[in-house]
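One chain is shown next in structure tokens, namely the form predicted on its own.
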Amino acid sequence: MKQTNAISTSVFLAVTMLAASAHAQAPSAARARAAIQKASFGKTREGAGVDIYTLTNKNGMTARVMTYGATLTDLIVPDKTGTPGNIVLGFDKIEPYLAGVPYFGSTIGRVGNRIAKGAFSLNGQTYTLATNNGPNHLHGGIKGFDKVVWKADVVLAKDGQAVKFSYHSPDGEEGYPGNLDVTVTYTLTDANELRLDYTATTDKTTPVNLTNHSYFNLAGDGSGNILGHVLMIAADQITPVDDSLIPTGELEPVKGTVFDFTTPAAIGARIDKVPGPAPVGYDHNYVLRAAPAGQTMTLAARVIEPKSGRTMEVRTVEPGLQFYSGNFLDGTIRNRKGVPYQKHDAFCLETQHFPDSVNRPHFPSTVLEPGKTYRTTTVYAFSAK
């Protein structure tokens, strides 16, 4: 994606400020800046300021992203009647995020998903990480990328409104080697797409597996469970897991099993038959089909919510997709209206490389070398009928 003219912003990107410099800007650039607002979202416990950016397209779709965790807090999408509704779990103030919600809308890194026993070896050296998920390392550790404040810049995009978030992860942070410089750019297009473009560079060999951890409910935040959502996943295999949710290393066909979403099916149709430890539900990595010849992106999944008519398509360059059915939501977290989030009240579709890839040489590699640039893109596309 081409990006130019990174700019700093005041509390609001006011149209009056744009008029003063309009002679130096293309009309499309002025419109793009006018469609983005910036406001304070509070402070971290350490006193660092957190800002939130609101992106709006011409169709009434809105995305809000804050600098804490480069986190998507709201995604407001019209339903089949044109009525807008927020379809992701989140809050309108910083405090619930600081209290430790389960990665709602966050950018995940350095390594999304699990690393077995919190350890890996590269170039003959063993690295030890926090074990923050039973015996394993999860989503970058105790203070992963979801719990740091990112730098943000509004950038110009020819097809929508965009904000680029940047973070410098120092050598040794959470046990990972190398200074890692990361960006994630959120672009809201007038085609009702939310595009996430990631980059990373390092000065030492290190694993990188970035993703977004938004929890979706296409009927609307707080509307109840997602078991009636109809899901298609373009994958013929999963990476089966042990009791601690670490891949066994095999690739297992989904055909004829509870994991088969090659033909669209309700999420709840077979969920009570999913094997594994409690709580029952999906938390599995799907091996996506390769992109068609001549294309870089593949259709990973499609979800339809019958009552609202909303449809979400997920397209990506990643080889895997983690489907999580909100199994660990237990009513202890309440949304902004005080409604408790219960089990299966949302789902996640996390585009990624496979879990524990750094310890599985036959999986697609997550290792980034100095002098190379990590790049990946995921698009969430919305419609309603």
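This structure is a prediction, so every number in the text was calculated from the model and none was measured. For every residue, the number given is its place in the sequence shown, counted from 1.
Another form, the form predicted together with a small molecule, is not on view; read the next lines as being about it.
Within this chain, V230 is remote from the site of the small molecule in the model of the complex, having no heavy atom within 4.5 Å. Although the partner is absent from this view, M312 stays clear of the small molecule in the model of the complex, with no non-hydrogen atom inside 4.5 angstroms. Taking the partner from elsewhere, Y215 is found to have a heavy atom lying within 4.5 Å of the small molecule in the model of the complex. The small molecule in the model of the complex is not approached by V182, whose heavy atoms all lie more than 4.5 angstroms from it. Of the listed positions (E350, E318, D345, D356), a single one reaches within 4.5 angstroms of the small molecule by any non-hydrogen atom in the model of the complex, namely E350.
Listed residues D79, E252, D283, E174 were compared with the small molecule in the model of the complex; D283 is the one with a heavy atom within 4.5 Å. Across the proposed site, R110, H137 and F145 without exception lack any heavy atom within 4.5 Å of the small molecule in the model of the complex. The candidate stretches are 235-243, 302-310, 98-106, 194-202, and the one lying within 4.5 Å of the small molecule in the model of the complex by heavy atoms is 98-106.
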